[in-house]
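The chain below stands alone and is given in structure tokens; this is the form predicted on its own.
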């Protein structure tokens, strides 16, 4: 089959399930990966495999093992969340607030490492640590760190943040996109999210605010008077996070580009 024949077959297979815009977008991924295969047998086998995975609902990023975020391309696996546009906005907010002054930060729940790697790529004199409970997620973050030659500026740490938030720290920037979805909401989410993305990174265990309570304690024990805390939140609980942090600090709600309350910025 030629690429054009693959394209016609692809459109026919996808037409009952996806919109025209989705089909067009998905085909760009297929085309980019098909043209890199020279062996005709491998070409057809891979094409058929990818089609089956796509029709099953598997996200395109997991099919091909990478995702675009900000200006960069990151390896992703089923052990890491697919980076979201809202998280790109969070990175932009941090970058706009902080120019090229040397800063030391930490990303809590780093997954693929997309947040600290993006920030470090944009700020050559920053350094970061990145925590995650998942060893497998940290392996992906390590691959991405090496890809962008940032091993000397990004330290990856395997740690359960909920058990270690009371350690004194002195970070300039603390950033986190933590789990914040109540398991009761699972039925309201798209199946490609609940069936393929890591539940550890999506759902809380007990309380929708449990990570924010831990982040409060962590920020409380931060000895840097100029420290900044940046968090992504669930739009339904953003005001609750604001109220929590305003009991001791100064917290500001920031809307995303869709005008949903999405981010909380905290200073002392």
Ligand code: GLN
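Nothing here was measured: the structure is a model prediction, and the numbers come from that model. Positions refer to the first chain, counted from 1.
Note that the form predicted in complex with this ligand isn't included here; everything after this is about it.
Self-check item: Selected contact from 140, 130, 173, 81, since only one has a non-hydrogen atom within 4.5 angstroms of this ligand in the predicted bound form
Solution: So the residue touching this ligand in the predicted bound form, by this definition, is 81.
Quiz item: Can you pick the one in 214, 60, 242, 201 that has a heavy atom within 4.5 Å of this ligand in the predicted bound form?
Solution: Contact with this ligand in the predicted bound form is made by 201 alone.
Quiz item: Taking the partner as it appears in the predicted bound form, which of 93-101, 148-156, 181-189, 111-119 has residues with heavy atoms within 4.5 Å of this ligand?
Solution: Going by heavy atoms within 4.5 Å, the stretch is 111-119.
Quiz item: Does residue 144 reach this ligand in the predicted bound form if we count a contact as any heavy atom within 4.5 Å?
Solution: Residue 144 lies outside the contact set for this ligand.
Quiz item: Counting only heavy atoms, which residues in 85-106 are within 4.5 Å of this ligand in the predicted bound form?
Solution: Residue within 4.5 Å: 87, and no other.
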